[in-house]
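Below sits a lone chain in structure tokens, taken as the form predicted alone.
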Amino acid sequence: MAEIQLKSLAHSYSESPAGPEDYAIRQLDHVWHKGGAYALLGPSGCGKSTMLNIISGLVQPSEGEVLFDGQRVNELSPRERNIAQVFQFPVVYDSMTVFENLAFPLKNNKVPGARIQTRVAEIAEILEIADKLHKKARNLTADEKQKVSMGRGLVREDVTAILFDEPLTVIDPALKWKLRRKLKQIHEQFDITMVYVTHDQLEASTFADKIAVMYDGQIVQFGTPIELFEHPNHTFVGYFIGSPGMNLIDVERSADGVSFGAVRVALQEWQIERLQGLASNNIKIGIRPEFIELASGAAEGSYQAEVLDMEDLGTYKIITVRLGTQQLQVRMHEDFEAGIGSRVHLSFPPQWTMLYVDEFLVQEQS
């Protein structure tokens, strides 16, 4: 396993890129530390697979360097980089048995026969395909084929890292959680550097210790699941993480904070000071539905809002309210009751009211 560093990395599929919009990956610096379990999370088209293919050597970057343990590997082939990659759709040899598929990369590396037997049996047991070892791969289900495909990456003990490119797309939903836990177990057992690409925040948070969120060719935040949830560094992270995502409101400057329409929102003193030093008028506030306080009666600093909709999800409810010109979503406990069209009072706790300028979080200076 190795530390993987991306240095001033950028890539365009255009021969003559004219501007940032022509880049699949805009210039970035990032480090995947040795032995970590990471997720690369973002929507389709944001550059996730391109980044993975650059790391593995399938794609040569237009600019910048890829370093393994500090050594440049741009000119090395995928084989020379010693990367195992598991793709979205299973890659197996249908004419081979499951055992032969799993043993293939070990035989190529001239691993002794006894060790091949032991290692294949070990990985097959973990993936729960030990009873399929002598079955032809062509006779497997899509789920089983993807397990074999993952096993071929996991079976090698000498890899620099294992890269997973949305490996559970073809897996039955009922098995996805189980397989994610299996991958986590394998990581903890073998201490392998793993990077898992997905557009599913649940997959990312259940697999990874830290998540890199990609948007428009850039990594806009790298942090633990709780960091991404509680302090999203970019409005996209706030929108993309959470169900429902963060409430984001375009606002204007006011004397003691910001406002939208007739609604004035007080900010913390440090937020006001930071805002005064920034010239942009692209200003938003964000607050998660979980952190808005909702009550039937007025309280100091609260705002009166109208209930537009209530969605009962069993263990909690999502309340849609109108505050001034904005519609906001609030997550409430299952016992909360309020009729459509009724008036409620909501508050924005200062510690959970995020301020964004030019889409990035304004943070307190230490």
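Values in this document were obtained by computation on a predicted structure and should not be read as measured data. Start at 1 and count along the sequence shown; that's the residue number.
Although not depicted, the form predicted in complex with a small molecule is the subject of the following passage.
Asker: I'd like to know if residue 44 sits close to the small molecule in the predicted bound form, meaning any non-hydrogen atom pair within 4.5 angstroms.
Answerer: Although the small molecule is absent here, residue 44 would touch it in the predicted bound form, with heavy atoms inside 4.5 Å.
Asker: State yes or no: in the predicted bound form, is some non-hydrogen atom of residue 24 no more than 4.5 angstroms from a non-hydrogen atom of the small molecule?
Answerer: Because a heavy atom of residue 24 falls inside 4.5 Å of the small molecule in the predicted bound form, the answer is yes.
Asker: Can you work out whether residue 13 and the small molecule are in contact in the predicted bound form, taking contact to mean some heavy atom pair no more than 4.5 Å apart?
Answerer: Judged by the heavy-atom cut-off of 4.5 Å, residue 13 is in contact with the small molecule in the predicted bound form.
Asker: Give a yes or no for residue 56: in the predicted bound form, does one of its heavy atoms lie within 4.5 Å of a heavy atom belonging to the small molecule?
Answerer: No.
Asker: Please pick out the stretch from 64-72, 31-39, 48-56, 320-328 that is in contact with the small molecule in the predicted bound form, where contact means heavy atoms within 4.5 Å.
Answerer: Stretch with heavy atoms near the partner: 48-56.
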